[in-house]
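Given next are two forms of a protein chain, the same chain in both, each as C-alpha cells and marked structure 1 or structure 2.
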Structure 1
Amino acid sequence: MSQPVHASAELAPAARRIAAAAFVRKYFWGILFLLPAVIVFLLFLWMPIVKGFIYSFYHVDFVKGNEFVGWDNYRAVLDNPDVGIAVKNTLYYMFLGLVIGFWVPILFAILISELRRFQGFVRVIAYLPNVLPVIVLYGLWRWFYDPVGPVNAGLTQLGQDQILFMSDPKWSMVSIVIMETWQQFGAGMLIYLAAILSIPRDWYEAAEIDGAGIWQRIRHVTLPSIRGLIGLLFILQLIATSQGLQAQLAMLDGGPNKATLTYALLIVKSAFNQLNYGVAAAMGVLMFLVLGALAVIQYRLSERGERA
C-alpha cells in the first residue's frame, strides 16, 4: 500500500515542473514585453523607496562615508520648527484645493453635459490649459498677478485697492491654488463628463416626465450617479495636494515669509540646499507612511463604490 503513495510523491515535483514549463511557454512573450517596465519600476521607484528608509537612519556623507545615527534624523525632524510651518501650509494648501478647485471640474462637467450644441468645442477649450507648458504657465500668471498686471489693473478700474498676490502672505497660497485650478480642472472635467454621459438617458427622461427641472435632475439623478467617482477623486486630490511642490518652488520658492513652504518643498530644501540627506529621507519616510494610509483609504472607498 505504501508504494503507490511513494510513487505519487515522486511524481508531484515532476508535475509541478511540467506545469511551470507550460506556463512559461504560454506567457513567455508577455513576460518578455513586461520585463523592461518591471525593471524600470524596480530601479526608479522601489529602490529609491527602500534606500530612503535605509538612509533615514544614517548621516549621509558622500566624502567621509555614511554614519549610522539611529533615530536621530527623526528627532531632528520633530525638533525642526520649519516642519510645523510646512505641515500647516500643506494642510492649508490641501484645504484651498478642495474649497476652490475640487468642485470646478464637477461644475463644468455638468454644465457641458447639459449643452445641446458645441459640446465638443467647449470640451477642447476647457482642456487646453492642461497642455500648456508649465514654464509658460508660471510666466503668464506672474504677469497676471503683477502689481501693474491685468488683474490689478481691472481692480483699479473698479475702484478697488491693488492686491499683492505674490508678496502678501495672505494671498500667495490662494494665488497658487487659483492658477493650478485653472490649469488642471480640464482633466478632472473629462473624467466626470465621461461618467455623466454614461448615465442612462432613460433616468433623465423619467425625471422630466415627473416634472423635474434642470436643478432637480442634477440633484436627484446626476450627483447620486457619480457619487462614487466624487469620493475617489476626493481622496486622489488629497494625495496630490499633500505633495505640493512645483508651483510653490517655481513661483515663490516657499515665500513670502515661508507662507508657501510646503512639506514636500521642505524635503527638497533639506536635501539639496542644506545637504542634509538623512533628515530629508526621514521626512520622506514619514510622508510615505501618511500617503500610504490615504492610498489604503482610497482603495477601500473604490471597493465600496464598485460593490454599490
Structure 2
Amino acid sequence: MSQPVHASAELAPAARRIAAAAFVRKYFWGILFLLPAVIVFLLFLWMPIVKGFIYSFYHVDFVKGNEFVGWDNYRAVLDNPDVGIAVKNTLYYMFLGLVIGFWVPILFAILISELRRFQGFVRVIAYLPNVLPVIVLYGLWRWFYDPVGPVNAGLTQLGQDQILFMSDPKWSMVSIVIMETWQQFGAGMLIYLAAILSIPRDWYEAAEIDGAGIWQRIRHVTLPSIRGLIGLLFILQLIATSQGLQAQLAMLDGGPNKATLTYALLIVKSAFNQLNYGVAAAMGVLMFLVLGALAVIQYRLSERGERA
C-alpha cells in the first residue's frame, strides 16, 4: 500500500503527497493518542532533566534573569564544606538502611510463609503502616522519641538511661532509619512472601529426604530461590535511600548539628534557603552521574528478572 521510503526523494510531488497521506492514514490514531503523553513527558520530565544540565552552568535569578557562569557552580559545590558532611551522612543513612532495615522483610517473609493460620491477617497488619501518611508518621514518632515519650518510659522502667533519640547526633539518624523501617518493611515483606510461596513444595520435600535440616533448607532452597529478588530490592533500596530527605527535613531539619543533613536535603536547602538554584542544579547533576551507575545495575537486574 505505502510507497517504498528510499524512493521518496525522486518521487514527483503528487506521488509524495500520496505517500504522506498513506502514512497519515496508517498512523493517524496511533500518533494522535500518543500526542498528549508525549507533550507532558516533554514538558514535565525531559525539560527539567535537560534544564538541570543547563542551569548548572548559570546563575539563576528570577528577577534579573539568568547569567552564564561556566564552571563556577561546580566549583562552589566542591568548595562547600557542607557537601562533604552531606555525602558522608547520606552514605551513613544508606548503610544504616541496610544494616537495620534490609534483612527485616526477608526474615518476616520466611516466618510468615510458615504460618498455617491467620496468614492473611498478619499480612494486612504488616502492611498497615505503609498506608499511614508520612506526615502522621513524623508527628507520632517525634512523640515516641521524646525524652518523656513511651520508649524512654520503657527504658527507665528497665533501669536504663534515657536516650535522646532526636537531639543526640549519635542517635538521630538511627532513629530516623528505625522509624522508616517500621513503616516500610511490610511492602518488601509482601514481595518476598509472594516469591517464597511460589517456590515448589517438592524442592523442600526432596531436600528433606536428602537429610537437609531446617536451616539447610532455608539456606539452600529458600534463599537461593529469591536471590534475584534480593539483589533487585537491594539496588532499589540504595537508589531510594540515596535520595532520602523528607524525614530528615520534617523531623529534624537536618540537625542536630548537621547530623541528618543528607545530600538531597542540602540540594533543597541550597535552592530554597540560599536561593542558589544554579548551585543546586549542579549538585543534582553530580548526583545524577553517581546514581546513573546504580540505575544501570538496576536495569540489568530487572531485565534478568524478566527473562527468568
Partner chain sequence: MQNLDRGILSVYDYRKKSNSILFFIAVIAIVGMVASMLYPILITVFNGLKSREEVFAFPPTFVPSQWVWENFDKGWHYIDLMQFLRNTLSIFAGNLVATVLILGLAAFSLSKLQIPYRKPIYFFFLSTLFIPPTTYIIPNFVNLRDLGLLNTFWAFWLPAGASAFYLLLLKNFFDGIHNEMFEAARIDGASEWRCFIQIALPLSVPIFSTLAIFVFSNAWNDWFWPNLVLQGDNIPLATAIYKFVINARGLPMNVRFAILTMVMLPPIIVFLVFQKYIMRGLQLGGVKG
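The structure presented is a predicted model; accordingly, all values stated were derived computationally and were not measured. Every residue number counts along structure 1's sequence, beginning with 1. Basically, rigid core = biggest C-alpha set you can superpose within 1.5 Å across the two forms.
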{"item": "Form predicted on its own - which displayed structure it is", "value": "1"}
{"item": "Core superposition between structure 1 and structure 2, C-alpha change of V50 at least 2 Å", "value": "no"}
{"item": "Threshold 2 Å Cα movement between structure 1 and structure 2 at A19, rigid core reference", "value": "yes"}
{"item": "Core-superposed C-alpha of G70 shifting 2 Å or more between structure 1 and structure 2", "value": "no"}
{"item": "Cα shift between structure 1 and structure 2 at G30, which is computed once both forms share a superposed rigid core (Å)", "value": "5.9"}
